[in-house]
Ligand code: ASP
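Quick heads-up: it's one chain on its own, the form predicted alone, in structure tokens.
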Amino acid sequence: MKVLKFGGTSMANAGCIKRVKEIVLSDPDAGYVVVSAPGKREAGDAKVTDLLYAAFRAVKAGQAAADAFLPVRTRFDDIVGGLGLKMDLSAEYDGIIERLDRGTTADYIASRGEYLSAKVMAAALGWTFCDTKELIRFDDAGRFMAEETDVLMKKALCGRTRLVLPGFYGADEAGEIRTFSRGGSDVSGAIVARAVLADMYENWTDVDGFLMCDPRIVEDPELIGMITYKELRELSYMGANVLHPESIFPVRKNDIPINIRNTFNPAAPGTLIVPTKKFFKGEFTRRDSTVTGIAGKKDFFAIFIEKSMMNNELGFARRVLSAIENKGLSIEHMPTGVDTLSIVIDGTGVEPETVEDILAEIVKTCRPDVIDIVRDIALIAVVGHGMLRKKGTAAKVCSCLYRADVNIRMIDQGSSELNIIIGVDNADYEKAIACLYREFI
């Protein structure tokens, strides 16, 4: 049994939805379909979710709700007409407009794109619509309640198939709609797959799968045919996101494989994401390779601290980390020496005043001999289970970057030997990615 999730580009217009219908009805194992709101039809177009947020803001500013909602209504009417469906969404539109008129939440309005999309998809397939408002639970603070949701899902879906469910939202215990972060339909699909103990969770999008590195840096990089959950986590952390970063956790609990597929190229096998322990047991095999993928991000900064006899000073590292925690920041890496400590932090959106406050607190509580800050660092992750078995991988990384005239500011290898993290100057980021790809791929 499969759960198939289709993203916004797959639901963008009637032509796309006809492709989705063909994919679903041609697969005898398809049991559940989860859909996003319609995405962009072409460059410069607006996603339905963005149109809904715009309508919410317009009503707040005094525009009539019916007028503000008209672009969304027109979009869905065009889809229904293009599919030749004999369905009338007027009652649904009226209910949404009424909620807009008398005041509602942004979460409720944003969720209506998925809601209407699932209604249309169910009609197109001749399947049953099932509202995730009743199945996905959030607490009063908007935090997803995984175990409570799994119980509700299992009870509601047991013995039922051929269901279409909207992604992206659920409800809190008071019945108010709550949404995941943008892209959260991936999470919804994974939640359904976990509840029904699916054999496969297929996530259909507009790309053939995960690429071994950023195609904006390396022209036509190879596709990753198979990747483990752990490898995916490492690459996703570094920005290689085809899936919502939280979407693997529900299926990971039950060791359900994920297949990334392309709605517009259904013949392509895509990327298969497999449970790590099953991979090591030999249940899934792939061609032997040292490196599975390379990914990175720019704009980190590092705080460098030096103090004699640091290793004998009880609580030194804790005080440093507390100064960072007190400013609401988390650390990325923490390379250490006997008398030195470096803290690497994502600098995106961090104000200079915040950094100065952290440095002042460290000076006050730790009294270092030297404290310095290095800005504009890019981190690059070289990821692959094959590194565990191949001698000299770190040496190849260093020699490759040396030949490319790239200075390494930091190098850190995880204890699992699954990845090597390299810190380089922002200015050398693209050059470093390209030379590492050529070296290993």
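Start at 1 and count along the sequence shown; that's the residue number. Predicted model, so just to flag it, every value in this text is computed and none were measured.
Beyond what is shown, the protein has a form predicted together with aspartic acid (ASP); the following relates to that form.
With the partner removed from view, the residue among R182, R318, K155, R143 that has a non-hydrogen atom within 4.5 Å of aspartic acid (ASP) in the predicted bound form turns out to be R182. Between aspartic acid (ASP) and the residues I380, A37, M387, A55, the one pair within 4.5 Å by heavy atoms in the predicted bound form involves A37. Heavy atoms within 4.5 Å of aspartic acid (ASP) in the predicted bound form are found in exactly one of 182 to 190, 247 to 255, 365 to 373, 208 to 216, that being 182 to 190.
When aspartic acid (ASP) is considered in the predicted bound form, T393 lies well away from it, no heavy atom lying within 4.5 Å. With a 4.5 Å cutoff on heavy atoms, F168 counts as touching aspartic acid (ASP) in the predicted bound form. Proximity of K47 to aspartic acid (ASP) in the predicted bound form: non-hydrogen atoms within 4.5 Å are present. Within 4.5 Å of some heavy atom of aspartic acid (ASP) in the predicted bound form lies at least one heavy atom of E114.
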